[in-house]
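In the structure tokens that follow, the same protein chain appears in two forms, which are kept apart as structure 1 and structure 2.
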Structure 1
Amino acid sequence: MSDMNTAMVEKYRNSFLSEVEANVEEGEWVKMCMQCGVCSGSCPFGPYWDHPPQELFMMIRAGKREAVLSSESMWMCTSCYNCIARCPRGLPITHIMHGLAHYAKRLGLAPKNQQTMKFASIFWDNLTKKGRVNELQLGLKLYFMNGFVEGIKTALCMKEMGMSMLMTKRMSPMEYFGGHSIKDTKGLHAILKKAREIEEAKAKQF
């Protein structure tokens, strides 16, 4: 093999595609996309994506690292799974989208103030405290995630539902300070800490 060919092979091995395969959930499937566009046509939010899934996959293969990881596109995925159900090759597109979003956030490259990312962060922080969601805390934080004024407006719009939940004992103000917990929260936190350490070690390779 010539020096030029060797250099090309090494460049390919160190490409963004290899990074995605190593760090993104189901990332090894990206190279299997045949660019048919069925995923984009099947997505309810298809017209609103900056880069639909098949375009993101092509950008990954083209080494467009910054453009992909700073994109809002993968944050648009709502996990409806239409794309997976209809993909001719059965690519786990939903998983890849969430994997890309998670990887971009971990690297600090995700777009700032993105609404879905805000929701995901608030939900994750709530869930990991005790291993179960505190619905009252979660709801209030989501109401106010875009500021105090927006939170008050949202609360007023939802006041009838809130009162109904209180009257039927589906919600109690005391839940805000308590809530359900799994038996071994320390074990859960240890698992999550170890997972973060593994992910950070992988990220340093790139």
Structure 2
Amino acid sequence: MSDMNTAMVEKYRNSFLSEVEANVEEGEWVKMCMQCGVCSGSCPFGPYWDHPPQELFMMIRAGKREAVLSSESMWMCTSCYNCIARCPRGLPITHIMHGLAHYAKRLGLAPKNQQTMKFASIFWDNLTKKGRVNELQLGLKLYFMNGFVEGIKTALCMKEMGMSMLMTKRMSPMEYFGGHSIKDTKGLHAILKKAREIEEAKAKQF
């Protein structure tokens, strides 16, 4: 368990809802859910959620901290925004799911082998390094994110698609050696560092 997790358990002993409101992106909306379930019915990955969004919201109110934060559920969000478009109460459900997933990861409570978590983390590291996504390096890293043997299997499975992309000039092997970048990476990194600092300082205030 991470230090941050221990600190948060100590601080919010009796109210997981308050913890979510203070620390999760758009978390202050959770209490507005009226349990109609339209979000769950509208989700393209609906059948794969252990706990669909409205259930997560009720679990948060019921203080089921461990069960919520260690769940695979919110990692099933495809960011299609169907739930947001249809929620009669206007909850930004997509963002709350992203927020819960991010918070669970920061606390070290997200399932260790969660595939979307791995992918999303690799994606963020890839894009922040040079300010722009390097699709080739992103792809290669993805293939091998579950180890070498799995990587070879994935690469073989994706071989035809990769070849088509090369043939149509929608992928370039040259991207492996550097590739697209913004000019002011130094400035961008300074901005991101500051943004992180501000966010962390805020989390400590609550």
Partner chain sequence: MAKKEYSFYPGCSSQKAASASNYQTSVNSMCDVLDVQLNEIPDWNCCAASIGYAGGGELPRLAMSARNMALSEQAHPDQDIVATCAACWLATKETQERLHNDGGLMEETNKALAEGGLTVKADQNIRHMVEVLIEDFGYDALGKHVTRPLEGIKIAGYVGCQTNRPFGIDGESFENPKYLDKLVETLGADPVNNYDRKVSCCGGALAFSEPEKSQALIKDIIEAAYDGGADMIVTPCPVCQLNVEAYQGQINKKYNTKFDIPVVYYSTLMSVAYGKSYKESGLDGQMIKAKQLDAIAKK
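Sequence positions of structure 1, starting at 1, serve as the residue numbers. Treat the numbers as computed from the prediction; the structure is a model and nothing was measured. Take the two forms, superpose them, and find the largest set of C-alpha atoms that agree within 1.5 Å; that set is the rigid core.
Remark: the form predicted alone is the source of structure 1; structure 2 originates elsewhere. After superposing the rigid core, the Cα of E150 is displaced by 2 Å or more between structure 1 and structure 2. For I182, a C-alpha deviation of 2 angstroms or more is recorded between structure 1 and structure 2 after rigid-core alignment. In the core-superposed comparison between structure 1 and structure 2, A195 has its Cα shifted by at least 2 Å.
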